[in-house]
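We begin with a single chain expressed as structure tokens, specifically the form predicted alone.
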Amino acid sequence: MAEKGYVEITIDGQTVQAQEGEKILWAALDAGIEIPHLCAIREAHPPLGTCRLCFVEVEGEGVVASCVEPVREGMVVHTDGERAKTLRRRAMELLLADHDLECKTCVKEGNCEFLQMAISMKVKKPKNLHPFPREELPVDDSHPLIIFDPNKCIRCGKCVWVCREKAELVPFDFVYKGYDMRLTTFLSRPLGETNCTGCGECVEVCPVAALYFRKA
């Protein structure tokens, strides 16, 4: 029986206790059960839910995003269901198809969370998916500490969240909708002209090389 304030669920045949209201993703990770994810931040309410890599199957409900779906008493979760794996794979393929894989010259070579996730999922850049033409934007090196390359952004939203919630600043936000959506600075000004203090919170959470520290 679960402790007071906790529920008991089953994930891949393993009995797991999780706090009431906790999301499936964090309950699984706390129990040592891996679920792919790139955009999730535990403290984010509501969850960002942008990368779509954390799909799982819940008996009686079907496929759900584990970073959004809360646990419930008796819930049975499968992380390796074929439908969930197919959706996760396609989500990663779409991200890879739209991302310039200049890994050998990237500042995050060997330390890229995005590439490491693709490798762990055994997903390669698809040959049958081609991104729509996108405007190549200039790399913003106006800030004394941080360089912003909007072309590398995968639109996870983590930098926007940490800037607002932790640094209590708004140097970044998204503009436009759909495929045209992109990350930009406040009023599209150079990062060096925004209220960015260079605290580095955004760099720490960025899973790609859209934000990185200037070399000394």
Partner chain sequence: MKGNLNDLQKQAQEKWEELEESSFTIRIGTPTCGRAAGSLDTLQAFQERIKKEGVEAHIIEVGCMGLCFAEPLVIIHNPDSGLPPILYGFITHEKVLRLVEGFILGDDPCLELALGTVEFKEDGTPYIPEMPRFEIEERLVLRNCGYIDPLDIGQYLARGGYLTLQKALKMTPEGIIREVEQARLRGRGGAGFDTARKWKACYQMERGPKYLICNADEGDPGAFMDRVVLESDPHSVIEGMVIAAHALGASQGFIYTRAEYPLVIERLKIALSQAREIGVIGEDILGSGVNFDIELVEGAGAFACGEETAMIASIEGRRGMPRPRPPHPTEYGLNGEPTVVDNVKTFALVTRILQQGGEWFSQIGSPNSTGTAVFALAGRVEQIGLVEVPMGTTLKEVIFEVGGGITNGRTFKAVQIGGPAGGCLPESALDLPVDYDSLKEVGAIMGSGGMVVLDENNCMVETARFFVDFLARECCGKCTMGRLGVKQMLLILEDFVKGEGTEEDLDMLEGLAHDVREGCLCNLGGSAANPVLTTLRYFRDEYEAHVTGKRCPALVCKELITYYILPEKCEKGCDHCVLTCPTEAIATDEKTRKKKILQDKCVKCGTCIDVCPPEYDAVIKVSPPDRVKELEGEAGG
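Residue numbers count along the first chain shown, from 1. The shown structure was predicted, so the numbers you read here are calculated from the model rather than taken from an experiment.
Unshown form predicted in complex with the partner chain; subsequent notes refer to it.
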Check all three, 37, 110 and 144, heavy atom within 4.5 Å of the partner chain in the predicted bound form: no
Exercise: residue 128 in contact with the partner chain in the predicted bound form, heavy atom 4.5 Å: yes
Residue 138: touches the partner chain in the predicted bound form, heavy atom cutoff 4.5 angstroms: no
Touches the partner chain in the predicted bound form: residue 90 (any heavy atom, 4.5 Å): yes
Residue 86, heavy atom within 4.5 angstroms of the partner chain in the predicted bound form: yes
Residues from 48 to 64 in contact with the partner chain (non-hydrogen atom within 4.5 Å) in the predicted bound form: 48, 49, 50, 51, 52, 55, 63
